[in-house]
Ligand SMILES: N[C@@H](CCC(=O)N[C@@H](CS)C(=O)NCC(=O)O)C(=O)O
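Only one chain is included here, represented as structure tokens and corresponding to the form predicted alone.
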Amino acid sequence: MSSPVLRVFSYLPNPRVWKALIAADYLGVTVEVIGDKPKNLGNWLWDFDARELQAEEKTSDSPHARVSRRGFSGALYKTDAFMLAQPYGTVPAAFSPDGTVGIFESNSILRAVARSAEAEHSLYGRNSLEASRVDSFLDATLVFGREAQVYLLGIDALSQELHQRMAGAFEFYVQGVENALTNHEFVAGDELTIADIAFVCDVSQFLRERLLSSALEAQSLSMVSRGADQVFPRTFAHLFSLIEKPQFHKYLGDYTKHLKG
């Protein structure tokens, strides 16, 4: 196995991490991933050399103790070096092989993997303009993904405003993908790029709302994605087609089984 081009620490399973792993599989490079279930990350030291903590290390006066935010509760333990490399203190957190450079936000981690390989087709377009078009979709996907994260984390107690906001964000994002696929086989053009990888992973994660429909029904709310495959047929055909490709199915196959029911 080749030396890793990146090391990633994150909660697992995580479609945001799978973006980088799918790209790595296409490009023949290695990404090392370390992590645990979300509920267990409070038992870890967040660092380039992340590790599980001993019980006696998890104290309120630990120099690594931090107040948790964004989806976690209780104390988290992050080294000063982690915070220097990852100034927002979030996961997934990627590092250069020597740990000196931190990369955050899943689409930036994805870009780093795409840039790491010397190949005729790097998944990042064939010139600067094509790369910029890919970036356009990655930025749009990131905005959608942020809205989806807030929505899914709060799905047990949604306001009408938040539900409507998610519906608007979903429609706006997916309509753009639908438009892009009108005359092209892939999201950013005529070849597979990291724009397609980000699209599949973020939309697959959002569609987990279908497993949480009872929480929506209890609040007299409908699924945002209900009937979307009929309204956006190109988008969903593209999604399902890519999920079946070996590089995608390896990570997303079990995760997306519920979409086939």
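The first residue of the shown sequence is 1; numbering continues from there. These figures come from a predicted structure and were not determined experimentally.
The discussion below concerns the form predicted together with this ligand, not included here.
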query	finding
Non-hydrogen atom contact E171 with this ligand in the predicted complex at 4.5 angstroms	no
Proximity of V134 to this ligand in the predicted complex, heavy atoms at 4.5 Å	no
4.5 Å heavy atom contact, Q149 to this ligand in the predicted complex	yes
Contact of L76 with this ligand in the predicted complex (heavy atom, 4.5 Å)	yes
Option touching this ligand, based on a heavy atom within 4.5 Å in the predicted complex, out of V91, V113, V187, L138	V91
Listed residue that, although this ligand is not shown, lies within 4.5 Å of it in the predicted complex (heavy atoms), from L158, A81, L142, L181	L142
Options 187-195, 161-169, 123-131, 102-110; stretch whose heavy atom lies within 4.5 Å of this ligand in the predicted complex	102-110
Contact check for R210, T235 and Y255 against this ligand in the predicted complex, heavy atom at 4.5 Å	no
This ligand in the predicted complex - contacting residues of 159-183, heavy atom within 4.5 Å	none
